[in-house]
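As a starting point, one isolated chain is supplied in structure tokens, in the form predicted on its own.
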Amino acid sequence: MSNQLTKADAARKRNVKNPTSLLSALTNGGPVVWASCLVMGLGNMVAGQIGKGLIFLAIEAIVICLLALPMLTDLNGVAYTGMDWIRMLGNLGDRPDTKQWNEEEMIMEQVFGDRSHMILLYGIIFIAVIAVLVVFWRASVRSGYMALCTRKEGKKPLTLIQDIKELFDSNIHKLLMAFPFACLVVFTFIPLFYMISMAFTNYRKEAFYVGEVLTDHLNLFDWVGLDNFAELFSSGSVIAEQFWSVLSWTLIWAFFATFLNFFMGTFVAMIINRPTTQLKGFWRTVLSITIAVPQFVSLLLIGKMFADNGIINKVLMDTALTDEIVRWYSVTTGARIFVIVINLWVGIPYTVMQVTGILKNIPADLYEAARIDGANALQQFRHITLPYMIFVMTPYIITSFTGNINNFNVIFLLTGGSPNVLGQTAGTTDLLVTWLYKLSVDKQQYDIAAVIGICTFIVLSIVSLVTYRSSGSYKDEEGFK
């Protein structure tokens, strides 16, 4: 007879009551648990957990007050309830700014209309409040059901004091993760959804008339669905041409900036760590000092040095090496090579510091055995050093690649995206992140900037996940052999 479960056995196994399951609680809980779906904490109070039940009830009352009572105000000082802000998400407002005559003051007063960005932000915030309520509602129903089951078995459920003690013992992970998760919701999830939502609107500096009133989409904007994505990816679109050009350069930049830094940094670290190298401490100190200098200061200084009237051009002309000013950022290929080389100068010290510690941990007997077998220095590097380095540093390399895709400082402070192309918002050295900055801050095209932000996130996610899951660090977590 086969040891495998039959379909009937598997079905019976799935139907076994599980007190920790929400579905089991709703199916088998009875009237008290069902009532606790409306009155949070009721199941706990009936089971004798009065304090815990009152906490759940208080959370429900607070959320209901936030949603039902006028809280946040618009620019005119009119307060709206949380549900009002959620309801206004449907059209993001439709009242433009107007002026009206004040009979008492005998002046024309400014009457502010709707602000779509406020409606969008507050609406998302109150949706997050509802999501938090759902989390606590689920916990309340499950907790009440488990307490009633414990009471039915003739046992006494945990008191509030005992629950608090559990938070410092077996449930300490919940206590430790509560504050970080709250910060994640407030400072990551809500801004992220706010930015993503902008991609489906026409939030940009574009004037239009509402009746006889001139307004613009910075105050009032509408949902436009996938129109911005269609504009970004449609053939013949100016934005689309710029996007593919900037995306390809961003990936090329990230590849060279990451792997040249890795290999050059490894090469320098190996030279310093050679037994015959003198003054090892001195060279490491020099590299450490370069790291201590803020990166933006170094980049600004280099940018000034290579400017048209900078010291480099002055030296070249004074020494008669050139008769005219060298415009380092005027040619696309030259400017791109320039930023890659400067990034090497900035980034190699970091890589050397990372690699030095790893090189010291490679077992010396591996090199001894290789030398006995007749392996030269290049073969030792290829078969011992490099595989070990890649195995250990794969997460660091992926992080560096991600950081270089978003490396705003090097490009913006050195070239500013130059050389610029007439009629285009993106220069030929602009990365996605610097182009996004120009679109949002300079051109105020927040909708397209949001779409580019989403595309950048997708590119980073795919490249990072595929690379990491294909690496030895992920496949062989036991260690390097």
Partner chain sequence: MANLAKTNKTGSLKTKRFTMDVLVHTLLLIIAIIWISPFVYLLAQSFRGGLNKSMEYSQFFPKIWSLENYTRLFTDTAVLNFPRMFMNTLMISCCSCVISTFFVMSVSYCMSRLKWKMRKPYMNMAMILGLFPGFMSMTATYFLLKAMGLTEGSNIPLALIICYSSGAGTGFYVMKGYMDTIPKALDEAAYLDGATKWQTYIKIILPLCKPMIVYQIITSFMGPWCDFIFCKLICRTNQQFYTVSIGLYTMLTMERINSWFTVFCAGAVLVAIPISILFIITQRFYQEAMSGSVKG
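Positions refer to the first chain, counted from 1. Definition used throughout: the rigid core is the maximal C-alpha set that superposes within 1.5 Å between two forms. Remember, it's a predicted structure, so these values are computed and weren't measured experimentally.
The discussion below concerns the form predicted in complex with the partner chain, not included here.
- Quick one: of I127, M83, L386, L121, which gets a non-hydrogen atom within 4.5 angstroms of the partner chain in the predicted complex? Selected option: L121.
- Task: Could you tell me which one of M45, V33, L436, A426 places a heavy atom within 4.5 Å of the partner chain in the predicted complex?
- Result: Comparing distances to the partner chain in the predicted complex, the residue within 4.5 Å is L436.
- Is there a non-hydrogen atom of G453 within 4.5 angstroms of a non-hydrogen atom of the partner chain in the predicted complex? Looking in the predicted complex, residue contacts with the partner chain include G453, since a heavy atom lies within 4.5 Å.
- Could you tell me if P191 has a non-hydrogen atom within 4.5 Å of the partner chain in the predicted complex? Yes, P191 lies within 4.5 Å of the partner chain in the predicted complex.
- Query: R382 near the partner chain in the predicted complex, any heavy atom under 4.5 Å?
  - Reply: Flag for R382 set to no.
- Using the partner position in the predicted complex, report whether P349 sits within 4.5 Å of the partner chain, counting heavy atoms only. Yes, contact at 4.5 Å.
- Answer range among 297 to 305, 225 to 233, 240 to 248, 155 to 163 for contact with the partner chain, defined in the predicted complex as heavy atoms within 4.5 Å: In short, 297 to 305.
- Considering only 172 to 190, what residues come within 4.5 Å of the partner chain in the predicted complex, judged by heavy atoms? Contacts from 172 to 190: I172, H173, L175, L176, M177, F179, P180, F181, C183, L184, V186, F187, T188, F189, I190.
- Query: F401: with the rigid core matched between this form and the one not shown, does its Cα shift 2 Å or more?
  - Reply: The answer is yes; the displacement is at least 2 Å.
- Core-aligned C-alpha movement of I411 between this form and the one not shown reaching 2 Å: After core superposition, the displacement of the I411 C-alpha between this form and the one not shown stays below 2 Å, so no.
- Query: Just checking, between this form and the one not shown and with the core aligned, does R274 shift 2 Å or more at the CA?
  - Reply: Shift of 2 Å or more: yes.
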